[in-house]
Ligand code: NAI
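First comes one chain, alone, set out as structure tokens in the form predicted alone.
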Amino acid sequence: MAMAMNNLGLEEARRLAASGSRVRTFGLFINGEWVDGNAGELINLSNPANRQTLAHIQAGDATDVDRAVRAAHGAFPLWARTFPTERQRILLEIAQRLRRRLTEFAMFETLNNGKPIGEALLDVAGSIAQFEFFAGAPAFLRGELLDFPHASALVHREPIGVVAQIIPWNVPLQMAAAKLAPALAAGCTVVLKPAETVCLSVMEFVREIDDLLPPGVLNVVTGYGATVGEPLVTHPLVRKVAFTGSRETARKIMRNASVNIIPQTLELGGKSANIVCQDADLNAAAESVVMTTVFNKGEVCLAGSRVFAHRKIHDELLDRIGARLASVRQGDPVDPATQLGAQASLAQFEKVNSYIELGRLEGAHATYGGGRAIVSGLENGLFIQPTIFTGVRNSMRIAQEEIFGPVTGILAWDDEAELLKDVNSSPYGLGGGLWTRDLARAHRISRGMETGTVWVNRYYNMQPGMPIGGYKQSGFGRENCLETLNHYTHSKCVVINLAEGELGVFSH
């Protein structure tokens, strides 16, 4: 993942923004049709950079959820038996439609989420990659044969059924792709619940592909967690839940899923450690610290928001971080030159600011940033300065709790054993980084880190097919890889007896 330049010009971006800002109203997508919600209530989607309304979505309820789940249940038997090459064709066509409108979908993401358009283009490209990767998967959903002297065991791998998928607001289109692609490839049918604050790109995406899938295979119900999420997860016809979001919501989902004893895959928060050793490339390490601070405004679960800097290079690293922070271009997310946009919602803006104030109260020092940013022409926008705290102790709340904003803490270390103790002294274990030229140290420390992903000498070094998922309270299950298909299928063992006649256990 890189802060890459793109070829989108400012005038073209403004034209796309004007088109994308046209206020739309979306229905629920159930059984192949766009329909109004049962309650007749709407939720506003807004642009966090200027606080203007972008769209209206339905506030669904339990009645809508029941209709959607029953549609998915009815469509499942036929979709599960669809020939693998047909599912492959559909997934590739979905990718093609995204590619043809890549800049449009990126602008939808930017307008509703506040992220810079350059980053949104990367998100859409990542979404395309998900569908292309899993398009090749249906033909490889194979069972196995176990041979024994007097029996053969056939192990079939079958789609699990109706899947409830609940996605967050920080990278909505990419999260939709990461959930939908493997589920559809496996032969499952889906009821998708996007975030009620940021889902413009997802709704436009579903509108774009609404003719591709048989009715009922994909259903979308928008609304609040209590009125849509809970009845969806507890519905007796739902066979699995896939969720990305906060620990607090995950606990509710696990309790609700226990009603019908169905499996879940959960990709939750993080407080990832980014470790800089004394022999590190300090320029590259400083760049990574700034990148993980500002990328997607810090609204990334994998962000390296705890930087452990060896004491010998601590001050020098901090100086290099400051030099790079000074060049970060914060401004209108629509402008292709912008590198730091607006927080996705007022609630998130207020949460991040409260953590900045908490950091000061805990005794940390905001060496860089530390408050609201004012962007000319967007004075009402939800912008926050990229903030680097020094003097951070691992026991502080700003070092233990996920802030989900452009805020990073720097912690000094001397001893490797104590370092790993502090790194692992966290409820989270999603990602991490390590900067060293010593190969043995790289292996030793990465093995000692209790986390699902460790990037050595390049943070956010995402590769196709690499598993993404957490340790501890960062969740369980893996996405982005062939292992994901195991979460959407289950195995059935059929044992064929090859020996004729009775066993003779009851003979005289």
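The numbering used is simple: start at 1 and walk along the sequence shown. Note that this is a predicted model, so its numbers are computed, not measured.
The same protein also has a form predicted in complex with the ligand, omitted here; what follows describes it.
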| item | value |
| --- | --- |
| Single option in Glu208, Glu104, Glu132, Glu196 placed near the ligand in the predicted complex, where near means a heavy atom within 4.5 Å | Glu196 |
| Interface residue in the predicted complex among Phe308, Phe76, Phe383, Phe243, criterion: non-hydrogen atom within 4.5 angstroms of the ligand | Phe243 |
| Candidate stretches 251 to 259, 359 to 367, 151 to 159, 183 to 191 - the one whose heavy atoms come within 4.5 Å of the ligand in the predicted complex | 251 to 259 |
| 4.5 angstroms heavy atom contact with the ligand in the predicted complex for Glu267 | yes |
| Partner contact for Glu287 in the predicted complex: the ligand, 4.5 angstroms, heavy atom | no |
| Distance check, Ile117 to the ligand in the predicted complex, heavy atom within 4.5 Å | no |
| Gly225: touches the ligand in the predicted complex, heavy atom cutoff 4.5 angstroms | yes |
| Sequence-ordered list of residues in 156 to 174 near the ligand in the predicted complex, where near means a heavy atom within 4.5 Å | Ile166, Ile167, Pro168, Trp169, Asn170 |
